[in-house]
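Just the one chain here, laid out as structure tokens, in the form predicted alone.
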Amino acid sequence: MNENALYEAIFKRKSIRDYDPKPIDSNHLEEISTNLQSLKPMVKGIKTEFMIISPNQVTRKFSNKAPHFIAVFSEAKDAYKVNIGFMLQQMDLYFSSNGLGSCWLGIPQPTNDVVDSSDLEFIILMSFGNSKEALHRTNVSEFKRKLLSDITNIKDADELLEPARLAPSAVNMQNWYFTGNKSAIHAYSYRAGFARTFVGGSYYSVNMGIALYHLQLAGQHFGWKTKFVFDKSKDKSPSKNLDYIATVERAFNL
């Protein structure tokens, strides 16, 4: 994948829900399948599986009548849902930068035969295909997102945190908060209240992985080498309603 193109897609991507029902060509599908096998994990050592499936292998599609879907499975280990968000967001940006629409889907589910074909836990679906609506936003102002000051108390890392601010999330919950400094950014997730556990709350960890991929991609764009550290001793939570997820450390200039 072209990471410069992925970075640029952050500022114009949008979730697509109106698709041309015609399947995309086989050569393009083969390229997508190849990219699925080369996604970079956030956490090493977690088994994952990404399947391209057809509409008749998806239940509860509602209005999202896409020609293709990616079904995502993972081994259940520490931070595995954060890892899935991090990995699949690479495809979301890839689609946007290559003329295709996509959308994270929490309600639709793969059929039982798809679920039973994997030994791993089903996590989430993503739809994709040729869009019948405008593929991109024309201006960052079209994003409905919290202000940067609402998601961080860091004052000197806007170029990294603005891409994280623009990340998609389940029902647009934007459950992330960042503290620290430009050299070590600590990522937290707000806890899902009782009501939110039924409406998007189960995807809070996936959301965090999406935002953290945007953050890492921004760091790479500005020539930084970054690494993820999972160290609760670094937890300096500014609120009892926040759970520590990970720390993004800047190692050295590339």
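One rule holds for the numbers: they count along the sequence shown, beginning at 1. Not measured: the values here are computed from a predicted model.
Absent from the display: the form predicted in complex with a small molecule. The rest refers to it.
- The small molecule in the model of the complex is approached by Cys103, whose closest heavy atom lies within 4.5 angstroms of it.
- Contact check for Lys155: every heavy atom lies farther than 4.5 Å from the small molecule in the model of the complex.
- Looking at Pro168, you'd find a heavy atom of it within 4.5 angstroms of the small molecule in the model of the complex.
- Using a 4.5 angstroms limit between non-hydrogen atoms, Tyr188 is distant from the small molecule in the model of the complex.
- Comment: 169-177 is the region of 169-177, 112-120, 67-75, 93-101 lying near the small molecule in the model of the complex, near meaning a non-hydrogen atom within 4.5 Å.
- Taking Val58, Met42, Leu215, Val206 one by one, only a single residue has any non-hydrogen atom within 4.5 Å of the small molecule in the model of the complex, and it is Val206.
- In terms of contact with the small molecule in the model of the complex, the residue from Ala184, Ile107, Val140, Ala134 that brings a heavy atom within 4.5 Å is Ile107.
- Using a 4.5 Å heavy atom cutoff, Lys14, Arg17 and Ile210 all lie near the small molecule in the model of the complex.
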